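Given next, in structure tokens, is a single chain: the form predicted alone.
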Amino acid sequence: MRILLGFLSGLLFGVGLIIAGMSDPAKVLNFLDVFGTFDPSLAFVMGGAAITTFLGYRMVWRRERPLLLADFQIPSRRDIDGDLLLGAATFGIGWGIGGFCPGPAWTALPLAAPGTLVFLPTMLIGMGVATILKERRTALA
């Protein structure tokens, strides 16, 4: 059941991204081009997501436990460290250069646009390299 709900959630997310036009990197690049071809539609998508998440969490927190797990899995770390800052900066630079966020990149894959066919594999390689480097650094500490 958990796998099915995960599949349905991912499907809903992907359909929403396609409907909103977020699989087009030009949407992101135009959003970031405040003094040029500015397109605020990404802000509306983000705002809709934030409102939905806010309301959803308010409903879920009323429950004693989640439907499919024994308890809620809440992250315990609240600090802001160098890894978080470096990762956020790297993500933002990649997003600004490529115009893709990981979710929309996956939804654009079936369109077989050349940018997607380059971005997605290199994103996965970058994630793999970052994981290896982080594991090595942790092993040395």
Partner chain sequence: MPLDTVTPFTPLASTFGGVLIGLSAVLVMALFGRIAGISGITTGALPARRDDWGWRLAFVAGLIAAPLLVLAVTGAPVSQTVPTDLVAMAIAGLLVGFGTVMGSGCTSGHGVCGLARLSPRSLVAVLTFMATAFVTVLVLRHIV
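In this text the structure is predicted, and so the values were computed from the model without any measurement. Basically, rigid core = biggest C-alpha set you can superpose within 1.5 Å across the two forms. Numbering follows the first chain given and starts at 1.
Just so you know, the form predicted together with its partner chain exists too; it's not on screen, but the next bit is about it.
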Legend entry - Contact of residue 77 with its partner chain in the model of the complex (heavy atom, 4.5 Å): yes
Inset, instruction - Answer yes if any heavy atom of residue 136 is within 4.5 Å of a heavy atom of its partner chain in the model of the complex; otherwise answer no. - result: no
Inset, instruction - Find out whether any non-hydrogen atom of residue 62 is located within 4.5 angstroms of its partner chain in the model of the complex, and reply yes or no. - result: no
Inset, instruction - Using the arrangement in the model of the complex, list in sequence order the residues of 93-110 with any heavy atom within 4.5 angstroms of its partner chain. - result: 93, 94, 95, 96, 97, 98, 100, 101, 102, 103, 106, 107, 108, 109, 110
Inset, instruction - Align both forms on the core first, then report whether residue 11 has a C-alpha shift of 2 Å or more between this form and the one not shown. - result: no
